[in-house]
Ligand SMILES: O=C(O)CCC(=O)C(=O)O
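This document opens with one chain alone, in structure tokens, the form predicted alone.
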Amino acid sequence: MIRTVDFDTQAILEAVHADGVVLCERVLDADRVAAIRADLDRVLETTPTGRNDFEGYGTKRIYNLFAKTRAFDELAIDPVLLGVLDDLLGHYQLSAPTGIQIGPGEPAQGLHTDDSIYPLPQPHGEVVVNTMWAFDDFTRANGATRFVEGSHRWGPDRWPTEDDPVVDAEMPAGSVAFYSGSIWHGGGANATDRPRLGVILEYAAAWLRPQENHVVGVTPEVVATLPERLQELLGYNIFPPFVGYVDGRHPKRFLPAP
């Protein structure tokens, strides 16, 4: 069973360091869950299902999330979340924020690590941290994300085997899972007759290229209306001393007036 802690920066950090994953239950109340879910349902109406085994042929994925909804503006810069990221990543930005609705009958996704997309020599420090926000009750039956606890400490030559226990991140709607980019995990199989909806807010070290290009995906006119910290997380930032400048200046200088 995955450890559950209070929504507290230090408690989350201790668990992620030890286990690679931790749950915080009912961070969002029922009214907020319902409001966010309603907005996501609007987007899902025109969202196609996946194109390959990894995406899931019966799964809908909301890419370019911050161009399509304002529901996650506050969550993306929550002080507790940022405190965790400050410790684990230092300087960072949003990488692949995505809504994931696993459809009925979808088989389990293959186990993988999120940081494996970067061709970095092993071992390396933490470069990716992910959060999964639940907008349905996550159960083993409906496709709760599966984790191999402690696998974030494995070296490059270790892969999951049948002998490694896989645990399900079962949690009520409104909860969030924090997990290391180097832990082995994957979406579970949905054996029910209802879809399961969650949203990942994934962050990567600011010196790496994010998975999704938010500077192109979210128009400058929209970014200009957002909180300054969120603007930075969407790519309008500088990794010290000067990685990310535009014409010798900070990229925020090129945003239009709100």
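This structure is a prediction, so every number in the text was calculated from the model and none was measured. We number the residues from 1 along the sequence you see.
Beyond what is shown, the protein has a form predicted together with the ligand; the following relates to that form.
Between the ligand and the residues Met132, Leu94, Ala173, Leu89, the one pair within 4.5 Å by heavy atoms in the predicted bound form involves Met132. In plain terms, the part of the chain that comes close to the ligand in the predicted bound form, with a heavy atom within 4.5 Å, is 180-188 out of 78-86, 115-123, 156-164, 180-188.
Remark: Val128 does not count among the residues lining the ligand in the predicted bound form, judged by a heavy atom distance of 4.5 Å or less.
In the predicted bound form, no heavy atom of His214 sits within 4.5 Å of the ligand.
The ligand in the predicted bound form is approached by Ile100, whose closest heavy atom lies within 4.5 angstroms of it.
Among heavy atoms of Gln109, some come within 4.5 Å of the ligand in the predicted bound form. In the predicted bound form, the ligand lies within 4.5 angstroms of a heavy atom of only one residue of 43-60, namely Phe54.
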